[in-house]
Ligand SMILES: Cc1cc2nc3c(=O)[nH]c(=O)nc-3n(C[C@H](O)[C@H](O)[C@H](O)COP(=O)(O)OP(=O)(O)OC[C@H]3O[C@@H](n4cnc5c(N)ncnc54)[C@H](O)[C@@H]3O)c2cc1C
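Shown below, as structure tokens, is a lone chain in the form predicted on its own; questions about how it binds or moves come after it.
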């Protein structure tokens, strides 16, 4: 293994690959190392959306934006957690990053039509979308032997689609038919996060940057206060690798490190849905180097449902579209609703951290998704991604719900099974049904936002009916809901070039951090679909560019 590079990049998610491409194109010799035995990180498990305000592809979908409008939007969500100079750097550099990768890495981004921001009614928000971009399908047979070395997503049943072909990614979804799916499999054409990572990986391989897998960057080496390399462990053997210009930490967050979660997070994160190699390696190395920390209490929160063993490799699923469809509510141990069930998943995470000060406990944990048999008939069991299982009966079709759900013939008996007050649950559902009949959720304003109307039933997209529907057809079902996250978003504080800052606010020479390995430049916010990958890739591009100077 070569032991001297200009730049070392630790991590092969979208951020790490972007940094490697950009640094190489600026004349740097790049060493790329991945802790896991496959490349792509959690980026490869994602939907592949990238949130870039004022991106150059917005005009194609009739959307307009400006840096000023985008900055207004981000700062309106900040609650004092965003350094404005970092938000400015993100907004200014984002369009350049998109154009650069389109040309240099063949990303061929296009704007997703109509997808609203996650808080579209806030100042500067876009209800009509345009800020989210994604890649077209990418033929994985172009990767040769590396095609099987990209980590497959456990959350999508097929990888041969784009997010824009699903109900979550388009106003009018257009899932390909069987013949088209078969055609795509000839060259293993993949979309979602697979398509994004495939294109970035191909760009690295074309430049002679071949990732070293099962290679954990364990410790930074420093000379006279400057980061000059790293100790890398490969198959039990540790090597000293030199970095003449610097090291980029793109190792992901610390959501699989119990000690770090206990020390830093604002509330429980019991069910991460990311790569299990995200144990805070970058955070550890940055702290050892003297870094100041930022945004440590935050994560990319998401409600999570558990699955029985064998359904997917994580035994859990992201509870996003399922909870925003009609005929569902969520209740806590008191049998009462506690939030807008269709709110964006990151914001919803805050509901899990509400304190019941009398009980000295979390008010909304445990909690359950409650729905009826008509929901199963129309949409299938949550987490199944398909309509209900139909069984032939006495001249009629019946629908069978998944056996991992808690089921009961009545709301009262369901409450007994959950150990919650039956009267409260019945009253909660009665109030919900009454509000649905009036066409308005007066308690939590579900369906008022353009965001809520996008994520529900695609047949009613753009209306309150997309998310409002009665719960009135037995049997009734409950799914326990857990506090999860796509990853943590705290780490070393960075400057607008992604340089890691020390306790005095000065850059640590030769050290950069991007993605979930740094304190998120966007604080506690999640601007829109692709709000994780957007800042990760922009600051990776900024880091690579700075290392090239």
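This structure is a prediction, so every number in the text was calculated from the model and none was measured. Numbering follows the first chain given and starts at 1.
Keep in mind that the form predicted together with the ligand is not shown, yet the notes after this line are about it.
4.5 Å heavy atom contact, residue 530 to the ligand in the predicted bound form: Close contact exists here: in the predicted bound form, residue 530 approaches the ligand to within 4.5 Å, heavy atoms only.
Heavy atoms within 4.5 Å of the ligand in the predicted bound form: does residue 526 have any? Residue 526 belongs to the contact set for the ligand.
With the cut-off set at 4.5 Å between non-hydrogen atoms, does residue 217 touch the ligand in the predicted bound form? Yes, residue 217 sits close enough to the ligand in the predicted bound form that at least one of its heavy atoms falls within 4.5 Å.
Residue-level question: is residue 21 within 4.5 Å of the ligand in the predicted bound form, judged on heavy atoms? Judged by the heavy-atom cut-off of 4.5 Å, residue 21 is well away from the ligand in the predicted bound form.
Listed residue that, although the ligand is not shown, lies within 4.5 Å of it in the predicted bound form (heavy atoms), from 318, 466, 289, 71: Looking at the other structure, the residue within range turns out to be 318.
The ligand: the contacting residue among 159, 87, 230, 273 in the predicted bound form [heavy atom, 4.5 Å]: Selected residue: 273.
Can you check 42 to 50, 491 to 499, 505 to 513, 59 to 67 and let me know which stretch has heavy atoms within 4.5 Å of the ligand in the predicted bound form? Only one stretch qualifies here: 42 to 50.
For the stretch 17 to 34, which residues lie within 4.5 Å of the ligand in the predicted bound form by non-hydrogen atom distance? Result: 33, 34.
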